[in-house]
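The form predicted alone is given below as one chain in structure tokens.
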Amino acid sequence: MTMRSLIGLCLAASAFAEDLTFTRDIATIVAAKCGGCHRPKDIAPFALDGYEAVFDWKDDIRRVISEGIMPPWKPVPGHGDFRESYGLTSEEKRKIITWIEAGAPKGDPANLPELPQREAGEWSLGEPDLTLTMAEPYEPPRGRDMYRCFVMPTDFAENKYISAVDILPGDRRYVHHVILYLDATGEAEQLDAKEPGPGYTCFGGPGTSISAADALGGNALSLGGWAPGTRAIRLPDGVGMQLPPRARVVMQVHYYARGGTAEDVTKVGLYFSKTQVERRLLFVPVVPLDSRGRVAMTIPAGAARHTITTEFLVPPLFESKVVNVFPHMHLLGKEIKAEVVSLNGSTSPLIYIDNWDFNWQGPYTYNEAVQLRPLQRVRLSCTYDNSSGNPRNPSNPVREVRWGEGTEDEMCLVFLGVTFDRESLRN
């Protein structure tokens, strides 16, 4: 008997000894790690909502798990401890593959445990408390990038606090990303009135006077955003995003209608906090800056591995906690890492993605918020492949790439969702 035959017999004996079944061993893994996307009317192309569905797709499931394609959980283990991770552990991968190779037996229905119930319909967290939408459809111009802002008023007479935001792109083929800004002044409506058609052009931000400095000062600036792969997740109890009285939600949509165009109606779902909010969540961007404080970066043409590193100095009196982190690059991105550098030079991880995929982005919420102390630094490193060997490179021939808002430009960016330790909203 050859060594290969012996190994094969041992594996077969191991699978037989385990006697893995769907009802007892596999259903809970599929529900927890696949069911968030693989449900009716969601981002996945098919549902995995029972034994029959999983059995029908078993060969594809074995392949994509073996190749590390699915589930598309991007953070590297050990670089941040995140809530609601849908990454498979080595043991879970082994169980699924072993079960499939053993013929994918169903098992005794009586062994099926109670599985988590996911909301039906297009909203992954169930029907929102408030749905905002564009006043009318918008058709982006074909063949170029377009940033368009749509003003969506609210009529609450007092502050509201938001636990989660979900964004449903009307046409995922052309919606590159979405950022939600807040305007309590009415400036956005004035900008909208000056330009014909739905919304107004808004490269570089919403065009209103509120800035990132306002966020550092504790004023509401944004409700977050959406990029391909983003999944809605509720904030921890006691934390909420503030919606000021009668604020306008300004939805900036980046369209990239390169191969065609169609009408788009993108919707926003807001979920209000159901518990007492003690601290507001604010977003702090970390980006590369030049000597004049302007956002700037350059990736040389042909560089197969080019890394850009920048640091954000935590201001004095900025005792805060990082609740979630949202890294962002474009098509040339390969790796992105954020870490906290202490005063003694030691580092602690915030997040590390070593296989960047533009189609799978989103905020990652920590199980335990990460403490930030004054004069610490947040170091951000972004690595790119701007060579002709990168199949995702949109430029042919390759060219030097700089910071920019177009799809064929690049970004090195991480949003930190933070709360201030000294703030207390408790009545």
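A residue's number is simply how far along the shown sequence it sits, counting from 1. None of the values given here were measured: they were computed from a predicted structure.
Keep in mind the form predicted in complex with a small molecule is missing from the figure; the text below concerns it.
Heavy atoms within 4.5 Å of the small molecule in the model of the complex map, among the stretches 83-91, 320-328, 180-188, 261-269, onto 83-91 alone. The small molecule is not shown here, and in the model of the complex it never comes within 4.5 Å of any heavy atom of residue 402. Although the partner is absent here, residue 52 lies well away from the small molecule in the model of the complex, with no heavy atom inside 4.5 Å. Contact annotation: residue 43 falls within 4.5 Å of the small molecule in the model of the complex, judged by heavy atom distances. Of the heavy atoms in residue 373, none are within 4.5 Å of the small molecule in the model of the complex. Just one of 48, 369, 27, 398 comes within 4.5 Å of the small molecule in the model of the complex, counting any heavy atom, and that one is 48. 72 is the sole member of 315, 72, 153, 143 with a non-hydrogen atom within 4.5 Å of the small molecule in the model of the complex.
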